[in-house]
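The form predicted alone is given below as one chain in structure tokens.
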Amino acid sequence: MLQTQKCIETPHGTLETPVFFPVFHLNTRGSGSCPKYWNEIPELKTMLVNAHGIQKSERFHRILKNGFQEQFHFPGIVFADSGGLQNRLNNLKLDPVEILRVQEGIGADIAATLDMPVLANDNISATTHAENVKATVQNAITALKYREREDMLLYAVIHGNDLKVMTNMIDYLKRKGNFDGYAVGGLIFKRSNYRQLIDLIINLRKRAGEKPLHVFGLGGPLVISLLTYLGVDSFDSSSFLSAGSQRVYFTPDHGSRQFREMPQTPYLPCICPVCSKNTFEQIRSQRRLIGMHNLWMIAHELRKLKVHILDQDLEDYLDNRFANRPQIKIAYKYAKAKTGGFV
């Protein structure tokens, strides 16, 4: 087990790990993509935003003037991703310092350096892979050099389709500068290969040392538990909302189920505020309600993880948590063997 609990100081408060950042996208008119969960779920005073998306929105200059927290009445901690995926997919040629200024200007607490993501079909022998890794490294070093706000934590982004490339990347960045943490991208494409995913995270966790380690894009309740066991400090995802759009319900202490597979009963198997106040049909028919319920399940999972970490019985909890989930049970068994040095 590589998990250690951390307290991370930021301008808008202290993060106690493990911590989840719900993804909050802005459309071009500056409206948010998800309900104001922070007013309803006390443990989720965190948010991940996209700096490039904010820069494109009609409210950009108002957000710069007022700060993100005041503009959206959000009393919490903002993690500003760069917009690297849009940069790669749309060939935008974003500038790392310009993105850094957006992150600093909106009042972000944590910022990820501008990455040029490596995609699943990028062969490690191809020029594209090498160029994107090189650009991601250079952008991180440039951001560190030109950072103006010392209170904003700066996480260097790690990418690659090869374990050695990614560990070399983090080793190189550690020699070149004192980053506040590291954020790993592109793992969504690798999650179906659990051995590759676990090997990568274990090695990157060890290379990062005591610095915080964030994983982009993986954030369902079961995955969060496994990532926490592997020593990941923070995660982000919009899956709670996308699952809502697909009528997928995170079930308490289990996995997730499609509403169409569930028998319609007077009660749902949950006592969160959403499920306590609304009927089966009301929740099934509203994406927002499903999304809010799913967020409550993530918050519940985080609370249980923190309790078992403090009680020093996290492995016992996870043994039971994954017992009836065959796929993640196999991954967890491999993770235990790997961290114990048995494979």
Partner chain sequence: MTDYTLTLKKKDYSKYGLEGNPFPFSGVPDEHPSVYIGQDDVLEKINSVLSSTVLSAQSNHIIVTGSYGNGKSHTLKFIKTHLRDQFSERSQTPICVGYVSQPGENFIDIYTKFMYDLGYSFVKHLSHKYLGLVAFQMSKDGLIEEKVRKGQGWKEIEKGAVLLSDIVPTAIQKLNDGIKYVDYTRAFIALSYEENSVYSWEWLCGEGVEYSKRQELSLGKNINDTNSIRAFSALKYILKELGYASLVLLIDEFEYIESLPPMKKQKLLNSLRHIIDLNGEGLSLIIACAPEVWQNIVAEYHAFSERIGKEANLKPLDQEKIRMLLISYLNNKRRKRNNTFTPFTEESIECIFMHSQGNTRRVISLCSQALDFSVEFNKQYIDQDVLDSIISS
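Numbering follows the first chain given and starts at 1. Predicted model only: the values in this text are computed from it and were never measured.
One more form of this protein should be noted, the form predicted in complex with the partner chain, which is absent from this view; the next part is about it.
Using a 4.5 angstroms heavy atom cutoff to the partner chain in the model of the complex, all of Ile124, Asn168 and Tyr172 count as contacting. Between the options Ala130, Cys270, Leu144, Val248, the residue in contact with the partner chain in the model of the complex by a heavy atom within 4.5 angstroms is Ala130.
Taking a 4.5 Å heavy atom cutoff to the partner chain in the model of the complex, the contact residue among Leu92, Ile188, Val97, Leu163 is Leu163. Note on the interface: of 134 to 142, 229 to 237, 81 to 89, 248 to 256, the segment with non-hydrogen atoms within 4.5 angstroms of the partner chain in the model of the complex is 134 to 142.
In the model of the complex, the partner chain lies farther than 4.5 Å from every heavy atom of Arg149. For the chain shown alone, Gln71 is not a contact residue for the partner chain in the model of the complex, no non-hydrogen atom being within 4.5 angstroms. The partner chain in the model of the complex comes within 4.5 Å of a heavy atom belonging to Lys176.
No residues of 68 to 86 lie near the partner chain in the model of the complex, the criterion being any heavy atom within 4.5 Å.
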